[in-house]
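Take a look at this single chain in structure tokens; it is the form predicted alone.
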């Protein structure tokens, strides 16, 4: 090898390594993120580009799908595609409020129960067990029916059945984390119980809660639609997926009336589950590989 070749070899830059995609960013997770982002953008922007007014008749009633109306019209002549897209403006915010409310209630009770222990833990957990003893859909129906038919009451009714799961999950995490050496050291050094809980325990316990909330998002969408389907949800003529499926059940042979909202619910639930699986791979140390 000549001196020139040796110099050229020494100064040659090594090829750049391509950045590796995270293991959790699989095809299903990308699909789930894309689906949820699509529906989020639809909910935000649909008033600007809606194919038709979701509340006004645009063609003959029960008209089959055409190029002008890809999902046909319902029993009042309203465009089913527009009503399906507008339904995202009801389903997504309501589901988000339900998850947020259930997280606040469940996490407060679970954190206090797990960290306080003793009779406080016993009393709170018996209340959680009593709530979990009722079938979720039956309890949500009871609360919503008592409060009256309204979207706000749906939120309250579903929160009433969703928070115990988060309380139980967080309590178990707190019970395990409070025995760690650094937590016991913080208590021994005179740290207040609230400070130790907020700064040393909850940051380590919150990951499973995030995963559970993401996985539950699709279930909440289904529960909202179920309550609306039996007449306890949004009031007509609100474009809501459960109400639209109710209309479709009355006109069984006009399949397109229920097809739009059914596909919307299916895609949102599937997307939330895919994203939840990806978050679990990231946040759960038992599934991570170094």
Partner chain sequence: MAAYIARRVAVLPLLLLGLATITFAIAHAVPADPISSVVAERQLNNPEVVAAARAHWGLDQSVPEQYTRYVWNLVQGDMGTSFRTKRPVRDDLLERLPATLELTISAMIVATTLGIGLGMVAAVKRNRWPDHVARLFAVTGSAMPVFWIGLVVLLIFWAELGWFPGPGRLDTRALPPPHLTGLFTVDALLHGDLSTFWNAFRHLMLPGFVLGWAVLGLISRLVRASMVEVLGQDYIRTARAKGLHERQVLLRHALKNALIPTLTVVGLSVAGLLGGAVLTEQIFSWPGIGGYTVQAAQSLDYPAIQSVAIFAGALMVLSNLATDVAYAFVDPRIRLS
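Positions refer to the first chain, counted from 1. It should be emphasised that the depicted structure is a prediction, and the values quoted were computed from it without experimental measurement.
From this point on, the text means the form predicted together with its partner chain, which you will not see here.
Student: In the predicted bound form, which of the stretches 176 to 184, 86 to 94, 198 to 206, 124 to 132 has residues with heavy atoms within 4.5 Å of its partner chain?
Tutor: Looking at the partner contacts, the answer comes out as 124 to 132.
Student: Just give me the single entry in 50, 43, 29, 258 that has a non-hydrogen atom within 4.5 angstroms of its partner chain in the predicted bound form.
Tutor: Selected residue: 258.
Student: So its partner chain isn't shown here. In the predicted bound form, which residue out of 109, 81, 139, 169 has a non-hydrogen atom within 4.5 Å of it?
Tutor: Selected residue: 139.
Student: May I ask you to state whether residue 238 is within 4.5 Å of its partner chain in the predicted bound form, using heavy atom distances?
Tutor: No, residue 238 stays farther than 4.5 Å from its partner chain in the predicted bound form.
Student: Might residue 270 be said to contact its partner chain in the predicted bound form, defining contact as any heavy atom within 4.5 Å?
Tutor: Flag for residue 270 set to yes.
Student: Counting only non-hydrogen atoms and a 4.5 angstroms cut-off, does residue 152 reach its partner chain in the predicted bound form?
Tutor: Heavy-atom contact with its partner chain at 4.5 Å: absent for residue 152.
Student: With a 4.5 Å heavy atom cut-off, would you call residue 37 a contact of its partner chain in the predicted bound form?
Tutor: Residue 37: no, not in contact with its partner chain in the predicted bound form.
Student: 56, 217 and 220 - do all three of these have some heavy atom no more than 4.5 Å from its partner chain in the predicted bound form?
Tutor: No.
Student: In the predicted bound form, which residues of 233 to 271 put a heavy atom within 4.5 Å of its partner chain?
Tutor: Result: 245, 248, 249, 252, 253, 255, 258, 259, 262, 263, 265, 266, 269, 270.
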